[in-house]
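As a starting point, one isolated chain is supplied in structure tokens, in the form predicted on its own.
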Amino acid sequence: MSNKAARNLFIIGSLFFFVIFLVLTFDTMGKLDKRAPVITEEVNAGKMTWHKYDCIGCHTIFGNGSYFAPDLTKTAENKPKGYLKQFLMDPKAVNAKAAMPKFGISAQEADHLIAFLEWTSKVDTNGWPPKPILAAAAGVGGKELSAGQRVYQAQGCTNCHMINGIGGTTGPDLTKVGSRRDRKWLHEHFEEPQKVVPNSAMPGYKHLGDQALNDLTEYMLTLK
């Protein structure tokens, strides 16, 4: 190949890949705005509160931050709003074993933080962080899920509670709850948690109906 032909090939090749680069760049930029919801004043106030209390010093969002505490990118999807508000204002009142101290976050600041966390949870992160594999707690391992296990899984109970070492730690461990509580207590607790546990951060599930609550209660009674 002559020097002229090599030069022309280099120029044409460079132009070709430059055009491809521009097309991909414009395509990506066009999609970025669609991956994140609108930032409202409340969301912005929540971000300011996030920085005020240096939440990033312990937590991560979108992979940025410290790894001393859980990633909060999708936490608003996994935790009820009422629970989050109570926990932010007084962590140990919700969970005595919580490592997070009481920062003196006001009710309004908690609402702003939740708005910010709801915003991050709606951002399209292409499935990251991945959801945990809920093996034993989900009834996997050759066994078909019982009606109660399906309710437990559908309501995301494992985000807060642990069974056989699998699940969240923000709520009580349910591994042997069937040995500690009777049918009446469990059913009433699912209907209206605050009725049997004052100041409980858990939301009520009365809206699920008696059949679902009975199924869930039956499942809890098997955990001994």
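What you see is a predicted model; the values in this text were computed from it and never measured. For every residue, the number given is its place in the sequence shown, counted from 1.
This next part talks about the form predicted in complex with a small molecule, which is not shown.
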Exercise. Decide yes or no: are Cys55, Pro80 and Tyr205 jointly within 4.5 Å of the small molecule in the predicted bound form, with each residue judged by its heavy atoms?
Key: yes
Quiz item: Does the small molecule come within 4.5 Å of any heavy atom of Ala99 in the predicted bound form?
Solution: yes
Quiz item: Using 4.5 Å between non-hydrogen atoms, is Met89 touching the small molecule in the predicted bound form?
Solution: no
Quiz item: Is there a heavy atom of Phe26 lying 4.5 Å or less from a heavy atom of the small molecule in the predicted bound form?
Solution: no
Exercise. Decide whether Tyr152 counts as a contact residue for the small molecule in the predicted bound form under a heavy atom distance cut-off of 4.5 Å.
Key: yes
